[in-house]
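Take a look at this single chain, the form predicted on its own, given in structure tokens.
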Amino acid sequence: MKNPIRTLTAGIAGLGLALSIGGAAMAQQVSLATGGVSGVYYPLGGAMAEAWSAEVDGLTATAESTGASVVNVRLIQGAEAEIAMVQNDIAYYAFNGDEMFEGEALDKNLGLAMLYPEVIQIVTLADRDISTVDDLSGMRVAVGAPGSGTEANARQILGVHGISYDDINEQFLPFGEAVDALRDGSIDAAFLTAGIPTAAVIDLDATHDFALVSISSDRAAELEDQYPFYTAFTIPGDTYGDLEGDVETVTVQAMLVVSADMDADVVENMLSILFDDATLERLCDTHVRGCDVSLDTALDGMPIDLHPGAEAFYNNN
């Protein structure tokens, strides 16, 4: 992906929103890195981009489909995107140079806003006789795209159950491809980290009887002790048509990060639009997880430093 930031007047650097020469505003193009088209990031990101483009003078925002969290923080660091949707655990790892970012702190990623729960869903077919994570030993399991947030979640969850990739036949598939693989019988289970309901799972439900694998409260507590981003979560039984009762699992959080290079006034203005009633209604209409976006919870679980423009916005609101 090429850096989408372009200005109409050569020789001016930076991302000031309503910069002007002789009173004429310069158009700014901003890329919002999201995720796969069958997840939640992409449609919600599209709704945000539409709102910002419509309401912020001189700004054109575009939602880009990407490999999601891990890819997105690298896009921010490399100035190939200006805003990104990521999991809060991945944002923390990137900012601090931990886990898959060991030794390379991606410090251009700064906090913008927390959004909604990202639920870990372990999906299997009903005829596979898999009801707990322990049952995954020896199975063909999709663990997410290589280096993705889902893959980190899968590895950590398997780990607290005493299972490594040596104990399963791991398949590195993004969740759209993972659900296709479940459908054609080439895998037995798949890890998905996404807002619920997830479009790919809804599609599976239309053609196959499926089940969600539970994570016990004891194992959830172990995850919370080892990794501060996880919290226990209950998937309601009416989330998908084929569920038999509620399912216990864990969740992380979806959030927005923004490039440190973004102008503070631009960031403050974009947050004003994001939390405007009309935009919140747009997000809620786009996906049920958009209904979770709220100024009241915008800083809950924020794992990294705020952008100065975001800090100014929250101080004033």
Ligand code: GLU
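For every residue, the number given is its place in the sequence shown, counted from 1. Owing to the predicted nature of the structure, the values given are computational and were not obtained by experimental measurement.
Not pictured, yet referred to below: the form predicted in complex with this ligand.
| request: Report whether the minimum heavy atom distance between V250 and this ligand in the predicted bound form is within 4.5 Å. | output: No, V250 sits far enough from this ligand in the predicted bound form that none of its heavy atoms falls within 4.5 Å.
| With the cut-off set at 4.5 Å between non-hydrogen atoms, does G45 touch this ligand in the predicted bound form? | No, G45 is distant from the partner.
| query | Contact between F175 and this ligand in the predicted bound form at 4.5 Å, heavy atoms? | reply | Yes, F175 sits close enough to this ligand in the predicted bound form that at least one of its heavy atoms falls within 4.5 Å.
| said: Even though the partner isn't displayed, in the predicted bound form is Q121 close enough to this ligand, meaning a heavy atom within 4.5 Å? | reply: No - in the predicted bound form, heavy atoms of Q121 and this ligand never come within 4.5 Å of each other.
| For this chain shown on its own, do G35, A68 and T150 all sit within 4.5 Å of this ligand in the predicted bound form, going by heavy atoms? | Yes, all three are in contact.
| request: Within 4.5 Å of this ligand in the predicted bound form, counting heavy atoms only, one of 179-187, 75-83, 213-221, 192-200 shows up; tell me which. | output: Stretch with heavy atoms near the partner: 192-200.
| said: I need to confirm a contact call. Of M262, L256, L271, V40, which residue comes within 4.5 Å of this ligand in the predicted bound form, counting heavy atoms only? | reply: Partner contact (heavy atom, 4.5 Å) among the options: V40.
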